[in-house]
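Before any questions on binding or motion, here is one chain by itself as structure tokens, the form predicted on its own.
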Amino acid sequence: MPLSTFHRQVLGTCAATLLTGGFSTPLLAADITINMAAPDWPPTRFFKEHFDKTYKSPAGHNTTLEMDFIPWPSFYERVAASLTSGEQKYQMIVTDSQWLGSFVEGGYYLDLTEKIKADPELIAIMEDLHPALVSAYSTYPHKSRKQLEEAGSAIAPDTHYYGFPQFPDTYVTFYRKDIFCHEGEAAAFKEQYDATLPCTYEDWQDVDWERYAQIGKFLKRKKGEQLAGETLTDDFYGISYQAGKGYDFSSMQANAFIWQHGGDIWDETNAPEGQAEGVVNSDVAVEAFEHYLSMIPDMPPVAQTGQMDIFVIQDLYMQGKVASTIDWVGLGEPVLDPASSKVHDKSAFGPAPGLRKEDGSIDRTGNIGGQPFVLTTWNSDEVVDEALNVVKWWLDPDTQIEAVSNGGQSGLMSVMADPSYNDLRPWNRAHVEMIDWQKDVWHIPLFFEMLTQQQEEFDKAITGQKSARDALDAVAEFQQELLEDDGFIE
């Protein structure tokens, strides 16, 4: 062995052992385990699988990702119980945006503002994200999309940032091509309503709530009747959307009607001047809620029981019992699976309906879905930096394309603008169109009390126990008192 090579090896070994404080172990980056709480559904399952296959730490760590997959119905309660118990179990959490205020104020979610400002890669990600996602998923106190756009930068002054999108979700229309494109059904619909039964994506771009209601009445058929040339073996329905008492299910759809009609929910960005009474139960909000309720009688009977949540409408559609549904993109992948869906080869996707305006345009404003992931406050600097490396990996365009190709979704404008994007999954074109209409519900620590009471009141209206006005009056009164007591309203 040449002497110079030997000397280089000895010197390298000595340097490594001196740096580690001994003479037996070379200097290596530390092993890091990131425990992450996540809802149990396809977008997070793919995240874990793809991480295990492809992630390599740029800092040289041997990084392990342990995912705690929690069923959706108990997701909030399980995460809240862990955080408030003090067990400090999670380093990262896939969180609903509505949780930000509660868990930021509780001291559990880490303020990432300075980390972002100091890192050009994170700044580039924030600037590439759709502004609706930055507003909903990251800011607390909440800044509206309009406020961020007026600031002229994704990193706005006097704004604090906490999250990055793990899965940006929008709701779109799932529909049966074999029914909506059937010539006989189309001709009968045209004769009855002098309107087009939507078959193509472009047809669905012209579907407002009036047309959707017509579809509900037209395709509602009894067992034994004909539909698209076949005799029905069960009752059949044309339309469906969220009308569930659990969590936020009815609110997510009802909010769309309220915003499209020109009404509003309580707006936290107007605190402390913004009021609940007179806004939440305004005449226009009541009219909008009545509009939401008006289509429920033409939906499957479960809608009138208050149990038609996002999974029920998905299942009804996959079992071939309803011709169309308005549901989240995140629930689209099982629809295409022959093992779980009877309509896997009959389905197409379009934008969700909206309210037609006087100028003929359609307002599709809706409540954003999906989740950001956040970091917790008890992590070491080394873990925080590695968790942010995971964020960068996930939001790298190549990773995003892989995620989208496997049923995920992207919120990066550069990825959504890729010419191949719309062809990766059949709902992508609708997602791109719908994301521009999205806004969010409350983020303040009182959100869960507000949401739970609102869901109760909405359920009373859905199940016929109260009128739309009485339900909204009760919601407004409760929110006004609660928000005044906590100082959110003067």
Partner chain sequence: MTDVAAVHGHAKSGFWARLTAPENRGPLLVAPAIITLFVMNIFPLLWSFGLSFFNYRANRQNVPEFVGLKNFERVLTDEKIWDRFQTTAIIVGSSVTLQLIIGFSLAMLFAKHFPMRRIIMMLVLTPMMLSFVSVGVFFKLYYEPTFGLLSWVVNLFSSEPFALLSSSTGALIGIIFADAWMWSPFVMLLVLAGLVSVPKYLYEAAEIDRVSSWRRFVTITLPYIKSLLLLAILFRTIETFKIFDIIYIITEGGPGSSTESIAVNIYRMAFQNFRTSRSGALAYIILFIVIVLTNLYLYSVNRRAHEETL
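Keep in mind that this is a model prediction, so the values were computed, not measured. Positions refer to the first chain, counted from 1.
FYI, the form predicted together with its partner chain isn't displayed, but the following is about it.
**Report entry** Single option in Glu77, Glu230, Glu382, Glu183 placed near its partner chain in the predicted complex, where near means a heavy atom within 4.5 Å
**Finding:** Of the candidates Glu77, Glu230, Glu382, Glu183, Glu77 is the one lying within 4.5 Å of its partner chain in the predicted complex.
Requested in this report: Have a look at Trp204, Tyr237, Tyr212, Tyr292 for me and say which one sits with a heavy atom within 4.5 Å of its partner chain in the predicted complex.
Outcome: Here the answer is residue option Tyr237.
Requested in this report: For the three residues Asp111, Lys346 and Thr365, verify that every one has a non-hydrogen atom within 4.5 Å of its partner chain in the predicted complex; reply yes or no.
Outcome: The answer is no; none of Asp111, Lys346 and Thr365 reaches its partner chain.
Report task. Quick one: find which of 118-126, 188-196, 259-267, 313-321 has residues within 4.5 Å of its partner chain in the predicted complex by heavy atom distance. Result -> So the stretch in question is 313-321.
Query raised in the report: With the cut-off set at 4.5 Å between non-hydrogen atoms, does Leu446 touch its partner chain in the predicted complex?
Result: Within the cut-off, so yes.
Report task. Decide whether Pro141 counts as a contact residue for its partner chain in the predicted complex under a heavy atom distance cut-off of 4.5 Å. Result -> So Pro141 does not count as contacting its partner chain.
Query raised in the report: Is Glu105 one of the residues lying within 4.5 Å of its partner chain in the predicted complex, judged by heavy atom distances?
Result: Flag for Glu105 set to yes.
**Report entry** Residue contact check: Asp440 to its partner chain in the predicted complex, 4.5 Å heavy atom
**Finding:** No - in the predicted complex, heavy atoms of Asp440 and its partner chain never come within 4.5 Å of each other.
Query - Members of 363-378 lying within 4.5 angstroms of its partner chain, judged by heavy atom, in the predicted complex - result: Sequence-ordered list is empty.
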